[in-house]
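The data below hold one chain only, encoded as structure tokens and taken in the form predicted on its own.
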């Protein structure tokens, strides 16, 4: 049964409380993203025994350890590869990947584009905080130009990836983006991704308050979250106010949604047809002997 009441949702029922306290820094947006995911799971009434969460290396990759479900903490950049095998072998499961911008777009970029191309039924949450937060604060594929990191002390001179544009171009049938500031909207987007009958890619714009925020003098964690609200408002709204961020519009919500054959179902149909042909050929050969 699908439920809707935010007041009835208790995130603790979906967490391994023996793993607390968590390792996230104060103000980290990843905890907000985790809550939004579990809120969506709650609203859809998904059985925890039928939920499988795969994650890689990095701050985002550590989140699966806190979820009271079937969880897999795998090698750097490979959660989508592991999830592909799991979703094919167990189509009865709801398979979710939690990954970071470095894990997903750098070492894992090849796996991402092919997951988009295949359109297997699974949901990928890429938590984008623009930095390798856990391993030293290095530049990532999504670090904004001019931003300081430990490996770009003079400012990042490389253009960054638009992950959603990349996913859509690679063929993902569901692509969305949301910020951690808008938790109900983020929950709704994740819920839509979980319900989508194909590959769903969701970019969550998160904040690294300690490693990235301090180095770039972005203020307190609260100020960083509020910056999401001011900088990423829809342009139709921002043009009505005196905002310095009119030129930095970044679309949020569902960006791409198409219907096309789901890879697992198509593969199983083809395999069944092949077995039927082989059986018919065997019966025919038996009749000749």
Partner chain sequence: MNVGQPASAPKLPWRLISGNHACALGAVAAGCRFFAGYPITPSSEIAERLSRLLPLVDGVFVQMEDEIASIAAVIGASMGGVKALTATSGPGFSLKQENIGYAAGAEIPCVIVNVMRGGPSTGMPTRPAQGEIMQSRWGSHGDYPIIVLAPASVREIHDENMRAFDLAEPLRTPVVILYDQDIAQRTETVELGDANGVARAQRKWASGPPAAYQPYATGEDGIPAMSRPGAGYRVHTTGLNHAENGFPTQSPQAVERNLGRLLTKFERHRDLIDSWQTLGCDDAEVLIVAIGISARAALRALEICRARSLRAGLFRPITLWPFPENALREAASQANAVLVPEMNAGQLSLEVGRILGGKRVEAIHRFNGEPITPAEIAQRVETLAREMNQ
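Only a predicted model underlies this, so the values are computations on that prediction, with no experimental measurement involved. Heads up, when I say rigid core I mean the largest set of C-alphas that superpose within 1.5 Å between the two forms. Positions refer to the first chain, counted from 1.
The next section is about a form of this same protein that is not shown, the form predicted together with its partner chain.
Identify which of 151, 135, 110, 144 has a heavy atom within 4.5 Å of its partner chain in the predicted complex; exactly one of them does. Only one listed residue qualifies here, and that residue is 110.
Can you work out which of 168, 192, 106, 93 has a heavy atom no more than 4.5 Å from its partner chain in the predicted complex? By the 4.5 Å heavy-atom cutoff, the listed residue in contact is 93.
Which of 205-213, 136-144, 168-176, 75-83 has heavy atoms within 4.5 Å of its partner chain in the predicted complex? Stretch 75-83 is the one.
Can you tell me if residue 263 lies within 4.5 angstroms of its partner chain in the predicted complex, counting non-hydrogen atoms only? The answer is yes: residue 263 has a heavy atom within 4.5 Å of its partner chain.
Taking its partner chain as it sits in the predicted complex, is residue 62 near enough to touch it, meaning that at least one heavy atom pair lies within 4.5 angstroms? Yes, residue 62 is a contact residue.
Can you tell me if residue 10 lies within 4.5 angstroms of its partner chain in the predicted complex, counting non-hydrogen atoms only? Residue 10: no contact with its partner chain in the predicted complex.
Residue 20 within 4.5 Å of its partner chain in the predicted complex, heavy atoms: Although its partner chain is absent here, residue 20 would stay clear of it in the predicted complex, with no heavy atoms inside 4.5 Å.
All of 68, 114 and 274 with a heavy atom within 4.5 Å of its partner chain in the predicted complex: So, yes: the whole triplet contacts its partner chain.
Using the rigid core as the reference frame, would you say residue 276 shifts its C-alpha by 2 Å or more between the shown form and the other one? Yes; residue 276 is a residue whose C-alpha shifts (by 2 Å or more) between the shown form and the other one when the cores are overlaid.
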